[in-house]
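Heads up, the chain below is alone and in the form predicted on its own; it's given as structure tokens.
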Amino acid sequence: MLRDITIGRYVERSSVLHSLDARSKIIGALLCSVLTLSCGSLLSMAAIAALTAAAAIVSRIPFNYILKGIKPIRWFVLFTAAVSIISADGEPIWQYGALRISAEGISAAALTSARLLLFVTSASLLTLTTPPVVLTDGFARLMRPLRRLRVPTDDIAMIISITLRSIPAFADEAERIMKAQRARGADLSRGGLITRARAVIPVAIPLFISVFRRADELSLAMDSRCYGKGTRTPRKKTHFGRNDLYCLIIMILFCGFLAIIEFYN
């Protein structure tokens, strides 16, 4: 399951979405995330889902690979949906003791689940179509105006990039440790809650050791390359093109379309 995490991974393809400037993709992903969290109708969620599906088709990344990134959060989505159904107010259509299900609860659960799924999918598409180095440069260039306020934009961009790149790396490392423990006879999937909690310890300790070792190696590599000594320059300069302008125009028009939907709903 841990290897199904797609956030932070990059898949090389020859597509329009891959060729866009990192800044336009970051702005588009942020707008999509804000719209996903702010819109309050299922019609708006359906429109955002259609836009996300169109972006996935344009990226030429297999749908099954994109959907694979949703599997690690499926239990969290089901849990939040169940909580939304139980806690929502409304006329109950089914009730058993303190438990009740209403039409409002089902609508709230569908809306919450759609928000989570679309949020994760949009973040996955950003990292799947943008190399880590280019993504770091895109964040740094977007935050460049903050330099006048003495904000360390390069350091913030590097932290964001390292975090995104570490997610799949640590997931692969945890999967490797779990396979090694199973090869030595450890049973990590059976027993009660306490037994499974104890089985996590042989995986958690080597994982924490690996995390600190990787952090130490990364700090040594950055020091050896004189990181922080002087102004950083990108290896490859990118520029806003015609496709980037079209992408931003589409996102602005889409925001206006959703505003109309939310106003009349």
Partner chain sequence: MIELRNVSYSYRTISGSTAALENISAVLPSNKVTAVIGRTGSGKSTLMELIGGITAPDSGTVTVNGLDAGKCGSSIGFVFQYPEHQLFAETVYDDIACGPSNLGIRGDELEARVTEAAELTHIGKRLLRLAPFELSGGQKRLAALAGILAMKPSVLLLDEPAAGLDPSGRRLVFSIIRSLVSGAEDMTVVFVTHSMEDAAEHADEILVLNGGRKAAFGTPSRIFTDEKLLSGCGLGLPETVKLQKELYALGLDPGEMLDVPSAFGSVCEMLGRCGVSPKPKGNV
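Positions refer to the first chain, counted from 1. Worth saying up front: this structure is predicted, and the values here are computed from it rather than measured. Between two forms, the rigid core is the largest collection of C-alphas that superpose within 1.5 Å.
Same protein, other form: the form predicted together with the partner chain, not shown, and the subject of what follows.
J.: Of the listed stretches (85 to 93, 147 to 155, 108 to 116, 174 to 182), which one has a non-hydrogen atom within 4.5 Å of the partner chain in the predicted complex?
T.: After filtering at 4.5 Å, what remains is 174 to 182.
J.: Is it the case that N64, even though its partner is missing from this view, gets within 4.5 Å of the partner chain in the predicted complex, heavy atoms only?
T.: Residue-level check for N64: yes, a contact with the partner chain.
J.: Contact between A50 and the partner chain in the predicted complex at 4.5 Å, heavy atoms?
T.: Flag for A50 set to no.
J.: Using the partner position in the predicted complex, report whether I201 sits within 4.5 Å of the partner chain, counting heavy atoms only.
T.: Judged by the heavy-atom cut-off of 4.5 Å, I201 is in contact with the partner chain in the predicted complex.
J.: Just to confirm, I205 within 4.5 Å of the partner chain in the predicted complex by heavy atoms?
T.: Contact with the partner chain, yes.
J.: With the partner chain left out of view, which of A46, I57, V34, I209 would have a heavy atom within 4.5 Å of it in the predicted complex?
T.: None of the others qualify; the residue that does is I209.
J.: Can a Cα shift of no less than 2 Å be assigned to R214 between the shown form and the other one, given superposition on the rigid core?
T.: Yes, because once the rigid core is superposed, the C-alpha of R214 moves 2 Å or more between the shown form and the other one.
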